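Two forms of the same protein chain are encoded below as structure tokens; each is given separately, as structure 1 and structure 2.
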Structure 1
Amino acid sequence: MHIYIIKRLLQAIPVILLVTVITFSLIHLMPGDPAIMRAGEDATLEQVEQIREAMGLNEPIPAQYLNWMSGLVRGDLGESLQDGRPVFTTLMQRLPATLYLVLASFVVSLAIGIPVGILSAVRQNTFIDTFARGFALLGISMPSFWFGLMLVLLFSYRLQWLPASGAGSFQQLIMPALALGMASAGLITRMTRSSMLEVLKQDYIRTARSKGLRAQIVIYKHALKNAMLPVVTVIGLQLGYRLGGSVIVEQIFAYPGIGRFAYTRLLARDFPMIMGNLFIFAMIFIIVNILTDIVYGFLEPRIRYD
């Protein structure tokens, strides 16, 4: 098992390298740079050139990449071109808020998705099932920015129950978590339902039933555990989407997380900050994937790590 984890971590190195090369090139290929943003809309070209020179943007891109890489190897992600702040420290200030939000959104989507999915499978083709499937479809199809604004409209504007922005209190977490969690709640509902239906048809379930076990035990002990495998895969993959989705949700609720920060720095073309951000996102993604694989082992002892 340890060997497996080490192996996976080593395999991650070329992946990270590739990610950095691709993102670095993409960032420098897109039009616009921090010098232009600083110079403002009626600057002269010379002015922009001077600022570029001062920022060190006139060096060839491969040289800039190597420069960045050599910093990375020493554990230094560089400094922002916008305000001179160290990238790593700034990102670490903001990451916890986003992780907290993502975690809360998982609680939302699991708390909704799994029970509704089970209910929907057990009561297949009933009103409950139809309702659950409609709900799942709606959850998946609703864009989070729209759903977020609707939440603001209902709970902040009309009812005045919840604050519409900021972070720090539990009340401030509810709406962003709902907005972010809804899409995967729908997805998890559907995954749980179809996976449960699959499992419920298996012979061992029929055996369990015929032994005279109570329905609850059959469903929760025998069926659910086996039905969870595909759901875990989805949850792992969803984390990546969550980090992406957090950009929009954090924007709507003025939530001070890393997603909104990444977005504003992308618009400002703060290259070192964007690179640092993408690097950390990539790392999280890789780690979560490894963790997902490890969780498989607990759910399905037949899976071997060698």
Structure 2
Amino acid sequence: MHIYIIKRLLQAIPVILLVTVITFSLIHLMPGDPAIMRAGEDATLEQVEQIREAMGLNEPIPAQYLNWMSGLVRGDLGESLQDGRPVFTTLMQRLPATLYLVLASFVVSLAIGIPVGILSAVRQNTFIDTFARGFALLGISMPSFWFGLMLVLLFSYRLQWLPASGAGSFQQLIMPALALGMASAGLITRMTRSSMLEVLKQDYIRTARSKGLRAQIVIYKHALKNAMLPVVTVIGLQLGYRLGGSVIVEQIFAYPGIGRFAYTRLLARDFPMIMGNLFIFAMIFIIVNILTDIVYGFLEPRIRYD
């Protein structure tokens, strides 16, 4: 297992390099000059050139990328072009808020998706099944930003039950978690239903039922464990994707996480801060995928990591 994890981390290095190269190139192709933004509109050309020289923006893009990578190898993500603060320290101050939001949305997805998917499979071709499939389709099709705005309109402005923005309390986390987790809930519902239907047709399930075992034991002890294998894959991928989706949701609810911070720094053309943000997101995504494979081993002991 340890060798497998090390191999997976080594295999992730080329992926991270490719992501950083593409992202670094695209960021520098964006319109706007961070030196002008930092100097202000009233600054002279000489002042702007001095700032560009101090920021290292006069160097070719490949040279800037190599400088950034050399700092990354030393554990230094650089300093912000906007305020000069260390990138790593600044991002770590905001990352916990985003992780809380992603985990809360993850709980919402599981609490809704798995039970509804199981119930839909057990009650196949009934009204409950039709409702569950409609819910899953709605959750997948509905944009998170639109759903978030509808939640604000209903629960904040009409009913005035929940605060529309901010962070720090459980009430302020409810709507962002729902907006971020609903799409995953729909996908998990569909995957759980499909997987459960496939498992419920197996011979060992019919054998368990013929022995007179209670339906709850057959479903939750025998069927669910095997049905969860493909669902775990979807859950792991969705947990990584929620990090990217948090950018929009955090912006809608003025949630002080790393996603909203990345959006504001993208508008300011703060290249080191943007690159540091993407690097942290990529590492979290890779770690989540490795943990997903490890969970596979617990659910299916026949899986061996060579």
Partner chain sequence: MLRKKKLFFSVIALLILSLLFLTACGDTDDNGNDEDQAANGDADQDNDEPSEDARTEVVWGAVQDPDTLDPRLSTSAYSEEVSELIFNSLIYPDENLEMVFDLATDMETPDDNTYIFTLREDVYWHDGEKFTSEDVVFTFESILDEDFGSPHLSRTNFDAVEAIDEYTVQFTTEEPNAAAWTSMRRFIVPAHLAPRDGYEPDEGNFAFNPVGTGPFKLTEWTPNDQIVLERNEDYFEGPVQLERIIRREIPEEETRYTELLNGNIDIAATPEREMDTVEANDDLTLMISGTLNYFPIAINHGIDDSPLNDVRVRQALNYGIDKEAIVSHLWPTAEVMHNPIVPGTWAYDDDATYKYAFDQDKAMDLLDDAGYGDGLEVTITMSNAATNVELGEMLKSYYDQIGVTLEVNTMEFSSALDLILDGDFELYHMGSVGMYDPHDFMSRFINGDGVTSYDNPEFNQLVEDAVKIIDDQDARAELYSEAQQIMTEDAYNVPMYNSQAWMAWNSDFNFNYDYVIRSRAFKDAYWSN
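Given the structure is predicted, the values throughout are model-derived calculations rather than measurements. The term rigid core refers to the most C-alpha atoms you can superpose between the two forms while keeping them within 1.5 Å. The first residue in the sequence of structure 1 is number 1, and each one after it adds one.
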Students should recognise the form predicted together with its partner chain as structure 1
- With both forms fitted on the core, give yes or no for whether the Cα of Q251 moves by 2 angstroms or more between the two structures. no
### Query
Does E49 show a Cα shift reaching 2 Å between the two structures after rigid-core superposition?
yes
